[in-house]
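Below: one protein chain in two forms, given as structure tokens, structure 1 then structure 2.
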Structure 1
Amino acid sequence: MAHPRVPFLKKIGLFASLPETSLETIAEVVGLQRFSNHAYLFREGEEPDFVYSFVEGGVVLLGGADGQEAVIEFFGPGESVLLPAALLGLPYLASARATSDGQALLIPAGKLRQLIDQDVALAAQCARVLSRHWRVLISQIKEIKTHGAAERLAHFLVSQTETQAGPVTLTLPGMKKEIATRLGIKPETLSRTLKKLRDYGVETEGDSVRIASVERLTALVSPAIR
């Protein structure tokens, strides 16, 4: 009989494709923790005790001191955060604050390092996840340095959808001022840019965004940052 935590592991991108034997081993050491909206899961500078993988809900990663924190990225269900810190045994470079109620799988950082040394499949999957995160980081740097607000926002909205064509309605992963910080623009610039995107079939109401045609919005985005 499978360990009761295995179904949760299969919801996480980092673990979903692993063989059953690997999942059973990880399930023996992983914990499941609920968290509340706006709660901090960890703080910048703390030692990485766990890798957090989100079954429900999500977080925003923040860099800097309280009151002057800058949004780095949003993470939601199925994703894992700050794997490099856990693998290297180095302090977190960002804080994680919940954007909703949810629950996360917690795997002890030291135990994960041991399992990676023993399990080739897990080591390969960690390498793939880290490679994807590296590409996202480079894409964000290119956006901020070489593209305007409209293209940055269009790319961000497209990245939040799970479809590549047709109409879609999505919920912003955080407050608009957090989205603006993530994109490297001012909140008032975000408001103006959202109005400009109406010409491309984008309508907003609160934190809900309706996109009339994902492919039409995608056409605004340079292939180099998709």
Structure 2
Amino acid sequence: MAHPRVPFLKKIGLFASLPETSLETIAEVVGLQRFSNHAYLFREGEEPDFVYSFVEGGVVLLGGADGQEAVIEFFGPGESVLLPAALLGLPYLASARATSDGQALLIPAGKLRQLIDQDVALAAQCARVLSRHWRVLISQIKEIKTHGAAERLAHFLVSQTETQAGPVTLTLPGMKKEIATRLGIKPETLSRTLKKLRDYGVETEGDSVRIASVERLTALVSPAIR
């Protein structure tokens, strides 16, 4: 008889591929938590109690002092945050604010630290998930250091959809303000840059963006970061 929370675990990248036995063990210790839009799930500097895996809805990871907040990345369903801090038992380097209502699985940090030394499948999967995320961060660093605002915005938009070509309409993963810091620019600049991209077939309406032709935008992004 499977644990009732196992189906939730299967929706999370970190756990999806694990064998049933591992899932049962983990299911014993996780809890499901609802959160509402704009709520802070945790703040920079706190000691990690949980790893958060999103079943529904998402958050924005923010670093830096108040008012000087730098958006690091957006996270949505199936993704997990705080694995690094939880594994090492070190204070968070970032805060997380919900960008919508949703639900997250909370895995107690202590338990996870214990399990990772006992369960190969879990440990290996953690390493793989961290590796994948490492690559995302590297791309971001490369991009900030070598490309201008318009290119970065174009790349960001393209990365928000699976579609490779043709027209799409997508919803921004947060407020324009947040998108702006994610891109390392100010809201005013985002506004103006968005206007420039109109020449490349990008129309905005609130938080939904219509791209006339994904290829057209992709062409703007230099080959190295595609």
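Only the largest set of C-alpha atoms that superpose within 1.5 Å between the two forms is called the rigid core. This structure is a prediction, so every number in the text was calculated from the model and none was measured. FYI, numbering is relative to structure 1, first residue = 1.
S.K.: Report the structure number, 1 or 2, for the form predicted together with the DNA.
M.R.: Answer 2, the form predicted together with the DNA.
S.K.: Quick question: how big is the domain rotation between structures 1 and 2, taking the chain as two rigid parts and the angle in degrees?
M.R.: Smaller part versus larger part, rotation angle: 11 degrees.
S.K.: By how many angstrom does V202 shift at its CA between structures 1 and 2 when the core is held fixed?
M.R.: On core superposition, this C-alpha lies 2.8 Å from its counterpart.
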